[in-house]
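Take a look at this single chain, the form predicted alone, given in structure tokens.
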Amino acid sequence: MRPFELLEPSSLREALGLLDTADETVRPAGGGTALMLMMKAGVLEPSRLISLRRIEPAWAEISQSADAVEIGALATLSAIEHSGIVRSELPVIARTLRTLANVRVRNVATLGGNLAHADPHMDLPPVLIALGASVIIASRGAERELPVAELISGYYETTLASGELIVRVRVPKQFARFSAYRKITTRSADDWPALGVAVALDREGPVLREARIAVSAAFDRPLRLAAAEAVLRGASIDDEAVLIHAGDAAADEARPIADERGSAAYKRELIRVHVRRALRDALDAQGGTP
């Protein structure tokens, strides 16, 4: 591993100042779980790491308002998994985290780092996209809000500018009650998925007012499936044929990428089957503690 300088600022403001540089090899580090693996492999060779571990603890807090849950970017995945607020208001996230990597990783990895890493196989991005979540991004002297769907632009790529940090994630409660995530792996449950399918529904009685479907792992970034969503809009939840039609529309729309976890044709069939199953899981969900 190439030698590097490690700085540990004590405030977000100080960290943003250190990151505001023309040197593209300066990188922030939250939990560092993925970052260190990339450095050991020689994929990333930073000249300086800005550790965020010592900045104000407020950036790791989890809170809620009447219509949303806010999660600090430095909250560890374990803290999110076991948060009473998350388990009560966003149970699909708590369930998803149970099979994300392993306990050792979840005890260290942070939400902000997980999203900024932009690995297409991550479980949380499609769930957050389906729930309509957004990230609050800070830079030196400015702040902006961006839908998670617009954060990840490609394979290990984001729309974050130099000197910007994700500081909070805001998750609306609107779609949380009827939501589900299916992780399809070819090995153990906590392995990288061959496909991830997240579904979140807004229903009024037996009618679906809106459906949000996000898929991941079979693509270079998590994607919404607009054609499948259109099939469900205004449909009756009692019509099983509608769910089958939505699965078919999802498979027709998707253009999965072949890799060691399966061919494109295999993944397209996974999409057809598991979009339908995820929709049924979401319809059967009642919210509350997982």
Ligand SMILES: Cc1cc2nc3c(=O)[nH]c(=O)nc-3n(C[C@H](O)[C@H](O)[C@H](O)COP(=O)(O)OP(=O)(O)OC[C@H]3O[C@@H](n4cnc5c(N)ncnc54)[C@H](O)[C@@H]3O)c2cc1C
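Numbers for residues come from their place in the sequence shown, where the first is 1. Remember, predicted model here, so these are calculated numbers, not experimental data.
The discussion below concerns the form predicted together with the named molecule, not included here.
Contact here is defined as any heavy atom lying within 4.5 Å of the named molecule in the model of the complex, and by that definition each of Ala101, Glu164 and Trp192 is a contact residue. Site annotation in the model of the complex: the residue of Val171, Val92, Ala73, Leu208 reaching within 4.5 Å of the named molecule with a heavy atom is Ala73. For the options Gly247, Pro28, Pro256, Pro222, the residue carrying a heavy atom within 4.5 angstroms of the named molecule in the model of the complex is Pro28. Interface membership of Leu201, defined by any non-hydrogen atom within 4.5 Å of the named molecule in the model of the complex, is ruled out. Among residues of the shown chain, Gln64 is not one whose heavy atoms approach the named molecule to within 4.5 Å in the model of the complex. Residue contact with the named molecule in the model of the complex: Gly32 places a heavy atom within 4.5 Å of it. The named molecule is not shown here, and in the model of the complex it never comes within 4.5 Å of any heavy atom of Arg212.
Screening 107-115, 82-90, 171-179, 140-148 for residues having heavy atoms within 4.5 Å of the named molecule in the model of the complex returns a single hit, 107-115.
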